[in-house]
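Heads up, the chain below is alone and in the form predicted alone; it's given as structure tokens.
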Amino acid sequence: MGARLTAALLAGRAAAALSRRLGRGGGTVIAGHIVPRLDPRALRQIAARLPLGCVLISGTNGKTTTARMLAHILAGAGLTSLHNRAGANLLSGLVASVVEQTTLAGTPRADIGVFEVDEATLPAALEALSARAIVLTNIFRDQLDRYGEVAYVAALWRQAVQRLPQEVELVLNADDPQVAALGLERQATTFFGIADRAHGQASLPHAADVRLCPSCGAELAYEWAYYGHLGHYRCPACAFARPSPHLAAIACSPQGDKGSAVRVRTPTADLRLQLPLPGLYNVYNALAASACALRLGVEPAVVVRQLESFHAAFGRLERILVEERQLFLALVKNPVGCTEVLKTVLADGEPKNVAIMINDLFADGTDVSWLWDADFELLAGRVRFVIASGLRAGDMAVRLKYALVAPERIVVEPDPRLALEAALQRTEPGETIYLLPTYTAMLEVRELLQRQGYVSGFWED
């Protein structure tokens, strides 16, 4: 069996190296397709040899950033993580990341596994990996062609959690009813949430994806909503209600697109940190990573220090200097996430230079109807220009028209390279271009920037 695993790892590693040498984008995952064909048990065998086991992180929004935050915190505690940093989160991506960080004898070069996992892949990942802890951030409507409505993902997760041993730790978002419901009958559960009502509103926004009680089906009553359906809720027809979070952000002070000052209440002490990532959604990500790290025994001071030195994952509020202009790259993929990015970008009230790149390939979600549920109306009267680009540039331009963005400020350029050039030409040195791409459009832009030497490749980050 050892020889079979070694042969599979050798073949996978060689294929990945060749793919990268040839400049093929599949270099990050090709080993994940080859290794299981040669040894179907490779992932299970290698993960079982991790001294501290595995942590799986999933959710519609925030899983990439949360996983990177957790790995960064663990590094500050002296622990090496086996982590799918490039964001390939299907089983093939998990296998590929393991291949890169394992000796040919099958011994992982890490203390603990930190795996970001696609929402629909979570049940299969739990079967392939013996998880020590599972972090679930949220469930929003996303990629309707793959997932359908949020109830489908919630049902997948519920069935998967019911099969878990009771000792597996769940780290759950108390502010998401569908997520919180998964842990109410399990002892090994840590909840996180936000308690600062200086943000949000007293009623659900129109784009809320969850309005019904996951226990009895009655309509939930919300005392407060932060964004989407995340907030403080209870069911008037049964006993279901938001659980009291073990970690709660009791004060959040946004500082534009530079970050937020946050005070977090924990069971032992209050933590004060200067989070370098903006947006309330990143406060949730920091809470999720902190809650898991503390459960793993990391000291609170280490958690604070590492979060304050954290840098965004590629494409997630990433800043890149290009021709004396700052490129602010923020991934968009669903109505709630896109709306929160727009709020973050526009927070200071100054007019912005914006480019939106929408693709509809499989990794993006082929259904782009979500554009009509995102609040692009926020851009009206607040932009110098908006460039609509990508495979669905026309759809985006129409959406901007109906959002009442002035027609003379809308530029349609489907080609990402030409769109980026147009944005640079229209932006003065020292100014910022806010680039909002879907996943494959983000990869295209980053490849363009890599060729020009502005960024490194994913496997070099």
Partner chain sequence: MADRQNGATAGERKLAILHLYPSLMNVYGDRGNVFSLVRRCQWRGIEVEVLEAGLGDRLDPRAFDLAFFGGGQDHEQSAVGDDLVRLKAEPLREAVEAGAALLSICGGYQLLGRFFRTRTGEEIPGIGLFDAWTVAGQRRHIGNVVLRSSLGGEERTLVGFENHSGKTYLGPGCQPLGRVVVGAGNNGEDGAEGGVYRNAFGCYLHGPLLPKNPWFADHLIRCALQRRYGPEASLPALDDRLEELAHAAIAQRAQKLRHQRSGAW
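Numbering follows the first chain given and starts at 1. Every value quoted in this text rests on a predicted model; they were computed, and no experiment measured them.
Heads up, the form predicted together with its partner chain isn't pictured, but that's what we're talking about next.
J.: When its partner chain is placed as it is in the predicted bound form, are S369, A374 and A397 each within 4.5 Å of it, taking any non-hydrogen atom of the residue?
T.: Verified in the predicted bound form; spot residues all in contact, yes.
J.: With the partner removed from view, which of 29-37, 420-428, 399-407, 59-67 is the stretch that lies within 4.5 Å of its partner chain in the predicted bound form, judged by heavy atom distances?
T.: Every other range fails; the passing one is 399-407.
J.: May I ask you to check whether V150 falls inside a 4.5 Å heavy atom distance of its partner chain in the predicted bound form?
T.: Yes, V150 is a contact residue.
J.: Given that the partner is absent here, does E318 sit within 4.5 Å of its partner chain in the predicted bound form, heavy atoms only?
T.: The answer is no: E318 has no heavy atom within 4.5 Å of its partner chain.
J.: Would R141 count as touching its partner chain in the predicted bound form under a 4.5 Å heavy atom rule?
T.: Yes, contact at 4.5 Å.
J.: Should H206 be counted as a contact of its partner chain in the predicted bound form, where contact means heavy atoms within 4.5 Å?
T.: Yes, H206 sits close enough to its partner chain in the predicted bound form that at least one of its heavy atoms falls within 4.5 Å.
J.: Name the residue from V302, L391, L90, A160 that puts a heavy atom within 4.5 Å of its partner chain in the predicted bound form.
T.: Looking at the other structure, the residue within range turns out to be L391.
J.: Just one of E100, D111, D196, D360 has a heavy atom within 4.5 angstroms of its partner chain in the predicted bound form, so which one?
T.: After the contact test, the surviving option is D360.
J.: Pick out the residues of 263-278 whose heavy atoms come within 4.5 Å of its partner chain in the predicted bound form.
T.: Residues within 4.5 Å: none.
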